[in-house]
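Consider the single chain below, provided in C-alpha cells and representing the form predicted on its own.
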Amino acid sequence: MIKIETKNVDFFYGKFQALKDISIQIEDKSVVAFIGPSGCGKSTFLRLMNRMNDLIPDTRLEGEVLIDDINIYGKDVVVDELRKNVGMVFQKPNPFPKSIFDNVAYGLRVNGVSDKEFISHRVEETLKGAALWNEVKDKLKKSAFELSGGQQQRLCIARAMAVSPSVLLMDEPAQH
C-alpha cells in the first residue's frame, strides 16, 4: 500500500519561493490531478515526489515528503532506488535516441532484467497500455524520433509503465 504525504513543504529556487506550506495526503490507488494556472508550481510539486529537483542547482526544500511514511529526502534514501518506484512522464516527450523497442525496454534492462522473452512481452504489453502498439508493432526497430509528438509522448508513458513503478507521476502527459 503506497501513501504519499507532504508536510509543510516550502520549495525555493535560489531566493524565489515556488511552493509555500503545502500539506497533502494521497492514499494508495488514487488518481489525483493538480489544477492551476501556468507557473503556479504544479510541475515543481510533482518533481518533488521523485527528487527530480535535486538536479537543479541552488534549490532548497523545507518540510517533508513521505512515501509510505519514509522521508524521501532523508540521508539514507538512495535516489536511484526511489526513482525505480516513482516513475515520471514529463510535459514534453523525451524519447531516448534509440529504437522504439529499446526505449521501452531501457528501464527493464537498466534494472537487471535480461530475459528477452519477458522484455518482449512487457514492451508489447505497455505499448498496448499506452494505446501505441497498433501504430508501431511493425516499426519497433525504427528510431523513436520518427514518431509524431503525440506518439513520442505515448512511448514515454509506455517506457515509464514498463518497470511497474508503485507511483507514476505525469506532468501534462496528454498535452500533445
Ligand SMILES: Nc1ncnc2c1ncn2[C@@H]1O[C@H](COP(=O)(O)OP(=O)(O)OP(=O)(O)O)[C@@H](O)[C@H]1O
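Since the model is a prediction, treat every value here as computed from it, not as a measurement. Just count from 1 along the sequence shown to find any residue number.
There is also a form predicted in complex with this ligand; it is not shown, and the following applies to it.
- Heavy atoms within 4.5 Å of this ligand in the model of the complex belong, among the stretches 38 to 46, 133 to 141, 63 to 71, 106 to 114, to residues of 38 to 46.
- Taking the partner from elsewhere, no residue among Ile26, Ser30 and Phe90 has a non-hydrogen atom within 4.5 angstroms of this ligand in the model of the complex.
- Ala18 is the sole member of Leu168, Ala18, Val163, Val9 with a non-hydrogen atom lying within 4.5 angstroms of this ligand in the model of the complex.
- Residue Ile56 is the only one in 51 to 68 with at least one heavy atom within 4.5 Å of this ligand in the model of the complex.
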